[in-house]
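Form predicted alone, single chain, as structure tokens, below.
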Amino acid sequence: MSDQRLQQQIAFALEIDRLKTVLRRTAITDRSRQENSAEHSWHVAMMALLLAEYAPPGLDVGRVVRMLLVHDLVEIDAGDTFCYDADAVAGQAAREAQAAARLFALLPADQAAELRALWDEFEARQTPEARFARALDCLQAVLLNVNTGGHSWRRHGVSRRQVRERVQLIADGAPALWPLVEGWIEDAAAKGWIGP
């Protein structure tokens, strides 16, 4: 073990602690506060373990978990982009690519390449693992909204059409979970948590 390698790894570990300071728009289930991006990443990675049986056959769940643990690290620099804010979404890819370049460069080259490849795979959504990871990323936000009375949906005037368009990724990456999500959306609409 080289001293420089260990120093780079420790520096990265300290840098990613900053993810705890990035607030998302979604409230935690007791509605006491917004979740942060580190909590979100942990939660959705755990959901991958819990819901693995609903993944397409042959999926590498370990890879999905690793992907989910790194997928939002870029928010340290780029911030969390609210998916229903069209202006913010427009520049999201560029902000996040720049953040990825800086953050992963802090690591030793082999680990930088490995984590960057996981992040790129998640973003590209070309593999079954990436599509399942993206589906769970969407599912987690729906789960929290449904269990907080549509907290962030109501706060930001999100419509049923917007929710359906956003969460269509679930139908693609985790089709076995789609009927559950469709039911949640219809229930939320019936309760007035999302607009018509």
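Throughout, we count residues from 1 along the sequence that is shown. All figures in this text were calculated on a predicted structure; none of them were measured in a lab.
Separately, the form predicted together with a further copy of the same chain exists; it is not shown, and the next lines address it.
- Three-residue candidate spot A13, A45 and L144; every residue lies within 4.5 angstroms of a further copy of the same chain in the model of the complex by at least one non-hydrogen atom.
- At a distance threshold of 4.5 angstroms between non-hydrogen atoms, E39 is in contact with a further copy of the same chain in the model of the complex.
- Mapping the unseen interface onto this chain, L73 counts among the residues with a heavy atom inside 4.5 Å of a further copy of the same chain in the model of the complex.
- Looking at E35, you'd find a heavy atom of it within 4.5 angstroms of a further copy of the same chain in the model of the complex.
- Interface membership of A190, defined by any non-hydrogen atom within 4.5 Å of a further copy of the same chain in the model of the complex, is ruled out.
- Only one segment in the set 149-157, 62-70, 167-175, 123-131 has residues whose heavy atoms sit within 4.5 Å of a further copy of the same chain in the model of the complex; it is 62-70.
- When you look in the model of the complex, the only residue of A100, A78, L115, C83 with a non-hydrogen atom within 4.5 Å of a further copy of the same chain is L115.
- Shown without its partner, the chain has R5, L6, Q7, Q9, I10, F12, A13, L14, I16, D17, L19, K20, T21, I28, T29, D30, R33, E35, N36, A38, E39 in segment 4-39 as residues with a non-hydrogen atom within 4.5 angstroms of a further copy of the same chain in the model of the complex.
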